[in-house]
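Okay, here we've got a single chain as structure tokens, the form predicted alone, with questions on binding and movement later.
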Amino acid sequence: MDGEYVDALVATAPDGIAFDDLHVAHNGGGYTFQTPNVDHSGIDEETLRTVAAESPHVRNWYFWHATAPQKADRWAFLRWLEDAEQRDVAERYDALADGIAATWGELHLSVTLSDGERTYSIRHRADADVGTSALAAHDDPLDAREIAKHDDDGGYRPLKTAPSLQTGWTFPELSASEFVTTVDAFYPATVANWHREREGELDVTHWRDTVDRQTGIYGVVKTWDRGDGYEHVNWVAEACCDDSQCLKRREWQYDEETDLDVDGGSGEFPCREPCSLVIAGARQWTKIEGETSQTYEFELTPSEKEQIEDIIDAVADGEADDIREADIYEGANRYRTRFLRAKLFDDEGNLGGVETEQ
């Protein structure tokens, strides 16, 4: 590669180079070569080659213009990883020698520099400190699609940006292009949308517009908006778009003029429209919310009321499986819940013996 990056510099010099504090030009008086620590004017090609071969700025320029993906969003993503807009080349190369790391959703990303070459790696952020030999190693970016299909318990993950990515794997040695392809396989379109947002070009489709274009079995969602406010959309966003449920940061609102009242999350990458999972849930909630309210009367002790609240919270927050059998003081404990069912349900499964009226 040594010959390649120097040859490329010499070939490009007549057009002028100005990148990351490297300035190279060629005119009738010879070559000009400038970095923060070097300043040569009127040198010949042989001297230029000697100076260039010794400069990390030249290797850096060659990487970003000949090795790194040239697609704008991928190029910007790699620059972000190195904090290239804030660190100069010397700072970055010192940091790269030890490795620069960042997180992207549940991914732990890192890049290191050895013999002038960058090597990228990806693993689950929970495995950041686990030895590489203890993890299943992969080198094909498309393997990420299979890894992303299931959680640690083998359950299917319908939402790829849910915080349930399985652990125990690593992509230890990736090229720049393979690296971004792997990230995109784990979290499709997140890099592209992140870049669009940075450039002020993120096209957001709000709830109202998304609902209006639904057809077929999902067309029923249109009937949920009855001109009586948007509280129901707040409920949807709170249920589906919280950081505990999705790693994207919700940017869509009720409509262009009306923001929702619930927080959109703190994810690094934006969500530009209600996803298919949100619309599928909304279809079911539309039907449920269309039912006529009924009044039911049950007798509960104060502790039983609190226990029902604990059970709903535990299920909603995905914590039910974490409550051990011995945690008998937890309201959502399995034995306490079974006791409540034995006491309050009749043989037909009706709470308090009260049948559900349709």
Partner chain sequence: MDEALVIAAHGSHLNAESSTPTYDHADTIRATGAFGEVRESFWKEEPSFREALRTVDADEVYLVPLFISEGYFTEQVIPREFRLEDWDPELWDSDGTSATNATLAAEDTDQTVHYCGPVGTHDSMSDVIVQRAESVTGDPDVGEGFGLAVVGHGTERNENSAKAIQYHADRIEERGRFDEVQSLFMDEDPEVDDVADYFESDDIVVVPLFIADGFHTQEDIPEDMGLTDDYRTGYDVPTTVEGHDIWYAGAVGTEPLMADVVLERAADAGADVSSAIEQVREETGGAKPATGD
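Being a predicted model, the structure only gives us computed values, none of them experimental. Positions refer to the first chain, counted from 1.
The protein also exists as the form predicted in complex with its partner chain; that form is not presented, and the subsequent description refers to it.
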property: Selected contact from Lys287, Arg213, Arg198, Arg79, since only one has a non-hydrogen atom within 4.5 angstroms of its partner chain in the predicted complex; result: Arg213
property: Sole residue of Pro158, Gly229, Gly168, Gly99 within 4.5 Å of its partner chain in the predicted complex, by heavy atom; result: Pro158
property: Interface segment, criterion being heavy atoms within 4.5 Å of its partner chain in the predicted complex, picked from 125-133, 149-157, 100-108, 235-243; result: 149-157
property: 4.5 Å heavy atom contact, Ala137 and its partner chain in the predicted complex; result: no
property: Partner contact for Arg74 in the predicted complex: its partner chain, 4.5 angstroms, heavy atom; result: yes
property: Any non-hydrogen atom of Thr182 within 4.5 angstroms of its partner chain in the predicted complex; result: no
property: Interface membership of Leu277, its partner chain in the predicted complex, 4.5 Å heavy atom rule; result: yes
property: All of Leu142, Asn193 and Arg272 with a heavy atom within 4.5 Å of its partner chain in the predicted complex; result: yes
property: Contact set, 243-258 vs its partner chain in the predicted complex - heavy atom within 4.5 angstroms; result: Lys248
